[in-house]
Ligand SMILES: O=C(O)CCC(=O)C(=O)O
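Let's start with one chain on its own, the form predicted alone, as structure tokens.
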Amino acid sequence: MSYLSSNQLKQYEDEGFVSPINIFSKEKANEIRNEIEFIENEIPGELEEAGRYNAHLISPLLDEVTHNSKILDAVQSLIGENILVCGTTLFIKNPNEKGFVSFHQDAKYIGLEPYNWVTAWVAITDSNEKNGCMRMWSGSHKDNLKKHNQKFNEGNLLTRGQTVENVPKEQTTPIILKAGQMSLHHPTVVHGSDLNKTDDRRIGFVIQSYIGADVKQVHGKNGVQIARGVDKFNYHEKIRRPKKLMDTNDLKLKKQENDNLQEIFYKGSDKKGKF
């Protein structure tokens, strides 16, 4: 069992994140990268823009990551033994592209309440300050949700370009991960990331999020998978796991789930972004 240590629990409580946590080998990470790139080559556009969500529904390897027992042990330490998978996101920054993530809080638009949930950011490639790793504003999870400006700005990988202004960047912590490591972060910690200034892709696979069975979706509906324990609440429809790569019916399920997600992310907005 690889539950979080008392030091790791304290880091999460004090800072709003815990990192790095070793999950699998660099070789395994490379195998996963190859599967992602195989999907990109076989079905161009499938993992781009709003298609980057829920790739675990069409990829057995990403599904395997999502249900990895080491990840679930760590998550259980934070949200309890009944764990649901409520979506995943690929954050891919290609070299020389202007992709960045403005400082924001996940809980602002995602519609999951109460906040008994956590986001796992799994590094498929190394993630560091040169290639645009996440930066966390330590302790910011202890405040209420902050005002976010909706910028819909060029290069911003967030749905609405949602931005918390005046974040003291020099006080933020870079989340440096080796391929196969992960970080966990709280729904309300302020975080963002810079441009990739290297010659290789930076790939993060993000389980966004692992939720407790007591968590509702208040802006729409999400299909979920039971990752561990039981769901006595039944707030969400249960969806299947993939048995083979890029199955036709699984591709349809991914599309349906992503359409639902768009409704959630843009609820109350008169404008839509491409993510």
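Given the structure is predicted, the values throughout are model-derived calculations rather than measurements. Numbering starts at 1 and follows the sequence shown.
Below, we turn to the form predicted in complex with the named molecule, even though it does not appear here.
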Heavy atoms within 4.5 Å of the named molecule in the predicted complex: which stretch among 238-246, 56-64, 32-40, 204-212?
204-212
May I ask you to state whether residue 91 is within 4.5 Å of the named molecule in the predicted complex, using heavy atom distances?
yes
Can you tell me whether residue 119 touches the named molecule? I mean in the predicted complex, with a 4.5 angstroms heavy atom cut-off.
yes
Tell me, yes or no, whether residue 141 is in contact with the named molecule in the predicted complex, where a contact means a heavy atom of each within 4.5 Å.
no
I'd like to know if residue 101 sits close to the named molecule in the predicted complex, meaning any non-hydrogen atom pair within 4.5 angstroms.
yes
Proximity to the named molecule in the predicted complex, single hit among 83, 134, 124, 182 (heavy atom within 4.5 Å)
134
